[in-house]
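What follows is a single chain, given as structure tokens, in the form predicted on its own.
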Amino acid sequence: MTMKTMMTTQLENGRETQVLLADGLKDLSSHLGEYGRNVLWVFDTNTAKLFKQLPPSNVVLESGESSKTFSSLERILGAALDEGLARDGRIIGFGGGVVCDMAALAASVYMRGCRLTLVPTTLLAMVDASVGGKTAIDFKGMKNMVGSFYPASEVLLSIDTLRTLNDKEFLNGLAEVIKHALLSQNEELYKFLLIKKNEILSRQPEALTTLVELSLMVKKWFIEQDPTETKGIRQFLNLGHTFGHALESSSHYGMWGHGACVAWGTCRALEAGIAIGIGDKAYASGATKLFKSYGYEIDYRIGRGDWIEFRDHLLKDKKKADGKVLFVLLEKQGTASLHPLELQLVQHLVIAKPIF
């Protein structure tokens, strides 16, 4: 079997990312086997288990957010150098968002840029971390603070890997899909999520393939309009992330997964839109119900004693203009805008009872 092209994303300076779909893991393995020996593989402790025998040139990172560090980057670069990887060599990231980010960042700086292939194995990585060229590590407790733009030449998907995820990890990715549905220029993905909920949650391959494709088409539109986030368009993909990252950082990446934080943060952003008079209340209420129907803990509120730490993380957010943090807010389906919010309003939204 050959890999099927799902889509091609055009990025700046003529670069493009081909997204290829494998029929299954066997299909994927034979495609990867065609690269020859001038490669370095990056796995984590979860994805390394998918192989009976690991390829000879490899780095296995501890799974989870704690691996997004300079020392992990150094390990990958050191291994590349030890293996004699040339500039025309290839780094293959085989794993979730952390592995994709780390492999891509390493490829972007190794000999000022070597080839890069990503094989995202989680839903979050498939719809978010693998396409669009963002690479990053966490720094001084702040998420994704140091990074670069470096798109992979190809992204290889096998829906089979989604069956290996636990429910928490699956919902981590689904939150980004729902976020894409709200940002989409049309309602196709939103309606698919409403109608096919049971098929999606029971992880039927056909439903998941359509889900990933529709989600990636939304992301493709934004990144092609604004490849390096300089025009204020691609920033809209950060819907829910300013609230969400602050929760994720202030809970020290503990009980909250990234997707759960994005779902929670998107609902806070919907409430903020109502509070400042730009959002449609009926739409915001429907979107919040959609998140709830997939099992996200939307009504959670932080304790008053946690506000100072939450606020401090919020104020370090990358989305700033004139020293003020900008929040992505939704007016209606597919219509987003950037707004500063008064800290008093933010405090109210994250501590007080829900609006809906």
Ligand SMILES: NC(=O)c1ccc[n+]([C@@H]2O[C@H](COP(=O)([O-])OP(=O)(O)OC[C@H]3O[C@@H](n4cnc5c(N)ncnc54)[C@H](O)[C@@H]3O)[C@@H](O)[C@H]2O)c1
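C-alpha atoms forming the largest set that superposes within 1.5 Å between two forms make up the rigid core. Because the structure is predicted, anything quoted here is derived from the model rather than measured. In this text, residue numbers run from 1 along the sequence as written.
Just so you know, the form predicted together with the named molecule exists too; it's not on screen, but the next bit is about it.
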query: Non-hydrogen atom contact residue 144 with the named molecule in the predicted bound form at 4.5 angstroms; finding: yes
query: Residue contact check: residue 152 to the named molecule in the predicted bound form, 4.5 Å heavy atom; finding: no
query: 4.5 Å heavy atom contact, residue 288 to the named molecule in the predicted bound form; finding: no
query: Residue 165 within 4.5 Å of the named molecule in the predicted bound form, heavy atoms; finding: yes
query: The named molecule in the predicted bound form reached by all of 50, 65 and 129, non-hydrogen atom within 4.5 Å; finding: yes
query: Residue among 38, 46, 57, 69 with a heavy atom within 4.5 Å of the named molecule in the predicted bound form; finding: 46
query: Region of this chain that lies against the named molecule in the predicted bound form, out of 274-282, 193-201, 69-77, 114-122 [heavy atom, 4.5 Å]; finding: 114-122
query: Residues within stretch 169-204 having a non-hydrogen atom within 4.5 Å of the named molecule in the predicted bound form; finding: 169
query: Per-residue C-alpha change between this form and the one not shown, residue 31, threshold 2 Å, rigid core fit; finding: no
query: Large Cα shift (2 Å or above) at residue 90 between this form and the one not shown, core-fitted; finding: no
